[in-house]
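We begin with a single chain expressed as structure tokens, specifically the form predicted alone.
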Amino acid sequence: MAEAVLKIFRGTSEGGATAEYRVPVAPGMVVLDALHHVQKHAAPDLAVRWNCKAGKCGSCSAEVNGRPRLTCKTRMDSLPQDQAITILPMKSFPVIKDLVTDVSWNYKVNKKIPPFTPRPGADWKFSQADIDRVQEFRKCIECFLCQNVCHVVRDHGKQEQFGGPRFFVRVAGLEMHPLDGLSRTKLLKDELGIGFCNITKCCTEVCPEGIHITDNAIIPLKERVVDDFYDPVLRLVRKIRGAGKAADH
């Protein structure tokens, strides 16, 4: 049976290094299987987060040979067999232990987003096209790979001013729902910092669910923000209306 060499990060937020482990490779084996083999036979204290092993829970995210992936969907035979396979924790989040990172920041961002709020008197009927448009965003499994590769989070540390692609996807699913009555453009502009995104599409490239994050969520939301806050005609209309209301009082 063929063998692979895994170089796995071992350590905490205070520091660490990669350690090498040899693992037998069987047909159909994925990286998560290899990590479980290491836990069972060589390092029972290896910290690995996982749950479903079916690509639907988003728990097993890591960086494999420098690319953010779900380890349960990354086949061993898809990786170079003549060199060691390096497995590191997601870079954009603080390390707790080994491959487990602290992703709690994401849930703090989520709390800022107002939930679905139907329009008063809404007719609860809508077309299949409307369903298809928002259903894409519901496929997100919160693996946070998109958050991990986003340069605003990864390289510039804008967590306090930025929501990240995962939550632009969530906002898009609400904003584009045919029955939702709230506008979240002020939130996008002032608190989620959508203006920081320069649409490099790196988030779209790593999404395991194939969500067109940039084209279908982020760009349309940017357009809504521009329409609401930077369109000169609309600004003039608001100014006139505001002056009219002042005169009425």
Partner chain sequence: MASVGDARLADAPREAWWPQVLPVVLVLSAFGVYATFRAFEGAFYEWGPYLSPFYSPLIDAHHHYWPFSPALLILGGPLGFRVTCYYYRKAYYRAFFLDPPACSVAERPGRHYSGETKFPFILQNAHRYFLYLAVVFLAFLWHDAVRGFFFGDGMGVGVGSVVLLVNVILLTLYLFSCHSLRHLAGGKLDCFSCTTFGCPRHSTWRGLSVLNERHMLFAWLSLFSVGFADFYVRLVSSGAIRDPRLL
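Numbering follows the first chain given and starts at 1. If you're wondering where the values come from, they're calculated on a predicted model, not measured in any experiment.
As for the form predicted together with the partner chain, it is not shown, yet the points below apply to it.
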Identify which of 34, 48, 197, 211 has a heavy atom within 4.5 Å of the partner chain in the model of the complex; exactly one of them does. 197
Contact test in the model of the complex: residue 113 vs the partner chain, heavy atoms, 4.5 Å: no
According to a 4.5 angstroms non-hydrogen atom cut-off, is residue 215 in contact with the partner chain in the model of the complex? yes
Contact label in the model of the complex: residue 155 to the partner chain, heavy atom within 4.5 Å: yes
Using 4.5 Å between non-hydrogen atoms, is residue 170 touching the partner chain in the model of the complex? no
Can you list, in sequence order, the residues from 139-177 that come within 4.5 Å of the partner chain in the model of the complex, counting heavy atoms only? 149, 151, 152, 154, 155, 156, 158, 159, 175, 176, 177
